[in-house]
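In the form predicted on its own, a lone chain appears below as structure tokens.
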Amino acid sequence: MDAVENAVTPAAPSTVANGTSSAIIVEEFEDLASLVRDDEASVSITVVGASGDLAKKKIFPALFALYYEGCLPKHFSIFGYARSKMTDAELRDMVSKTLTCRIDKRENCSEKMEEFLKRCFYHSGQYDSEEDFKELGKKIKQHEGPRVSNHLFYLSIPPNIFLDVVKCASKSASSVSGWTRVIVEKPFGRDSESSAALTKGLKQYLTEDQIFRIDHYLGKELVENLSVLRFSNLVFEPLWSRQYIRNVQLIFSEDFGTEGRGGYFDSYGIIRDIMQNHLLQILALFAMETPISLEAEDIRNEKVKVLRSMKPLRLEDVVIGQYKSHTKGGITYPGYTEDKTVPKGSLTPTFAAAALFINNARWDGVPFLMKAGKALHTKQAEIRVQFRHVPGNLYKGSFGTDLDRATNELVIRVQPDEGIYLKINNKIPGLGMRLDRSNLNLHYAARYPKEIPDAYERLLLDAIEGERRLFIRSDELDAAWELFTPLLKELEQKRMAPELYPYGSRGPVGAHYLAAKYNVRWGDLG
């Protein structure tokens, strides 16, 4: 890595632990902002696929939020690149409709918005044209002037054109004097073979250090807080093993279906879309051993060890489902195959549950249950840690035969309404001996009045700074696909029919049988 790369890659900001005062948070944020201010260098951010939904709804708003908080370098420019014909003014008009002053109510928000939009430019071109990217490079150079230039490309495009764009950008629009980095959106292939081919293709033009594979769930505040909770609190780390934990549940649910966007989803399905990346990444962070430092490579090394220790996924440990039409409150919600963008008779699962096991000394025998689905009864993402029953519990008579009611449970609610709570047993005040279950609750909205940054804000800032801790390394990706590819191929070869479940329900009944097989009850069912 050259001197320029080292100069513009400060250490990552530490995650704020529970109980930290808001003054420290502000001070830390200001320190962070000062790290990226550099009068001698400029950063040019190109959003490839600028006219798409992801760019409009997530990337441009995240960049504005970073600018608003003073976290972008003094000299920066943002370029939109797509095939659509558009002027700079039209891009700014399109972007302005998605920007909000949600960060706070300071009076200068509209002024900041105007200043930000003046830094946004557009260049129309084909994704496989080196000539068009050469013109983009010239436009970027005009705005950079004589400064050291750093280039960040965000590929908000379908994966089938990743390699065309990377080839053209690396040859015709990369930085000469500073760094060039590329953020790659999932999906990273459909299986081990296609993922390996994609990685091999990217590495023809980029080094591993230049590739930032983004999984926005790793930028979620509560996922970031996971290692803080475990490694900086003595009360939790000794309990983090098979000796005290009975099972771990990783739950993701959406209360809406594909809604006319089934074309993309049908070619991937819920396992590839959610489980193989979002939930598996959270599992690896949760289960890893203590890294020797908070450096990116040390953390990613431990995550890879977890993934490589996992037992092969068996078909009998997986349940798949697909939502069907359902009428509720006088409203009829269409089934998955009734979506006109979904092929008729599709067997693509919109729901999946799986039991996974880690074959190492810490976690041997502990079931890690994953559950992900669309068109369910609620929208949420959470981690549930169910602890073992108390041996020889003196108060088991107070709970009857249902000892699960007396089980301690740690819940990390990733979204919405972020929070961490621990279920404990306690005595109800009074002369009798009546027990109750209560929550020791850290509700983020109540404890921290400052709005939680969007995951894309954190990840974009990390990419600008060269902090790779929350991005996926190629060997991590390989290990994740090695776990899921045999299962996916078996499901497709046998044309396994998913169990149908009503739109807005709690999912297929088979998921409950899967949990019961390992003496587990899904914690989100109340």
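All values derive from a computational prediction rather than experimental measurement. Each residue number is its position in the shown sequence, starting from 1.
Although not depicted, the form predicted in complex with a small molecule is the subject of the following passage.
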### Task
With heavy atoms only and a cut-off of 4.5 Å, decide whether Y421 touches the small molecule in the model of the complex.
no
### Query
With the partner left out of view, is H216 within 4.5 angstroms of the small molecule in the model of the complex by any non-hydrogen atom?
yes
### Message
Is F252 part of the interface with the small molecule in the model of the complex - any heavy atom within 4.5 Å?
### Response
yes
### Query
With a 4.5 Å heavy atom cut-off, would you call K379 a contact of the small molecule in the model of the complex?
yes
### Message
Counting any heavy atom within 4.5 Å as contact, can you tell me which stretch out of 271-279, 190-198, 353-361, 331-339 lines the small molecule in the model of the complex?
### Response
271-279
### Message
Please determine whether each residue of F387, K517 and R521 possesses a non-hydrogen atom within 4.5 angstroms of the small molecule in the model of the complex.
### Response
no
### Query
Which one of K186, H143, K324, R230 is close to the small molecule in the model of the complex, taking close to mean a heavy atom within 4.5 Å?
K186
### Query
Looking at H123, K371, K374, K303, which is the one with a non-hydrogen atom within 4.5 Å of the small molecule in the model of the complex?
K374
